[in-house]
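A single chain, nothing else alongside it, follows as structure tokens in the form predicted alone.
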Amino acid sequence: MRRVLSVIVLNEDGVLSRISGLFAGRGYNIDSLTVAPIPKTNLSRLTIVTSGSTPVLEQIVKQLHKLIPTYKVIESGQFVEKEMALVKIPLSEDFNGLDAMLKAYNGTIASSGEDFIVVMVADDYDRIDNFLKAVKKYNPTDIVRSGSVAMDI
């Protein structure tokens, strides 16, 4: 089972190490992790995507609550969740249909060079998966995918 956790922590040295150590020490996997400071506070928000059985996920949440720099763990409820992907496509490809695909996936051309363009999409986790499958017809030379960012609603 896939689970998104939003964790608010004090923004201090070593916090990320302690959280990743918690996961590593217990053999839990982090599927993705993003961190950014919360404006006008001394806090940071971590968005952690992990997976496991219900007892494993409950144990992860309990352990996160015990960490000293943790202020709040939001693990239930609804989230607005988005990811981003960057895809480098050679200019030698036929771009027929690419513009429509970018519009469908909230995408745009982020950069270009002499031999390539880089397209960027930002959308839901599942839709990014679908975009990456569809964009293979353009023979991308590089793909970079971000982790999830989530906000509870």
Partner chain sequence: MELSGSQMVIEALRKENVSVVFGYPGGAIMNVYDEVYKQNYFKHILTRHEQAALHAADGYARATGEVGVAFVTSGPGFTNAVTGLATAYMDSIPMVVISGQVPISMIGTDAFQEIDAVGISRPCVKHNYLVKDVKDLPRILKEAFYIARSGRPGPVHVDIPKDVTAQIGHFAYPSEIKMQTYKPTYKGNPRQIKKAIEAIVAAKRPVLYIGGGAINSNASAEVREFAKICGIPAVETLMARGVMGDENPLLLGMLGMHGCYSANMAMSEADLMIAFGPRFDDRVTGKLSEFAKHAKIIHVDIDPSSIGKIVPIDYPIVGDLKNVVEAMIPLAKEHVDADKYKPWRDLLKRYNEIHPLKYEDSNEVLKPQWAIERVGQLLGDKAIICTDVGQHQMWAAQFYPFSYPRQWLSSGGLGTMGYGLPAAIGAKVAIPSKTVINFTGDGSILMNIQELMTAVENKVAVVNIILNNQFLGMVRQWQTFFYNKRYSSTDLSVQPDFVKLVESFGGRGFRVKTKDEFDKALKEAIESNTVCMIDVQVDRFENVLPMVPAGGTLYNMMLEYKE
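For clarity, every value in this text was computed on a predicted model and none was experimentally measured. Numbering follows the first chain given and starts at 1.
Beyond what is shown, the protein has a form predicted in complex with the partner chain; the following relates to that form.
The closest heavy atom approach of S53 to the partner chain in the predicted complex falls outside 4.5 Å. In the predicted complex, at least one heavy atom of D13 sits within 4.5 Å of a heavy atom of the partner chain. Contact between K136 and the partner chain in the predicted complex is not found at the 4.5 Å heavy atom cutoff. Contact annotation: S44 falls outside 4.5 Å of the partner chain in the predicted complex, judged by heavy atom distances. Although the partner chain is omitted here, in the predicted complex none of R127, F131 and R145 has a heavy atom within 4.5 Å of it.
Heavy atoms within 4.5 Å of the partner chain in the predicted complex belong, among the stretches 84-92, 32-40, 58-66, 101-109, to residues of 58-66.
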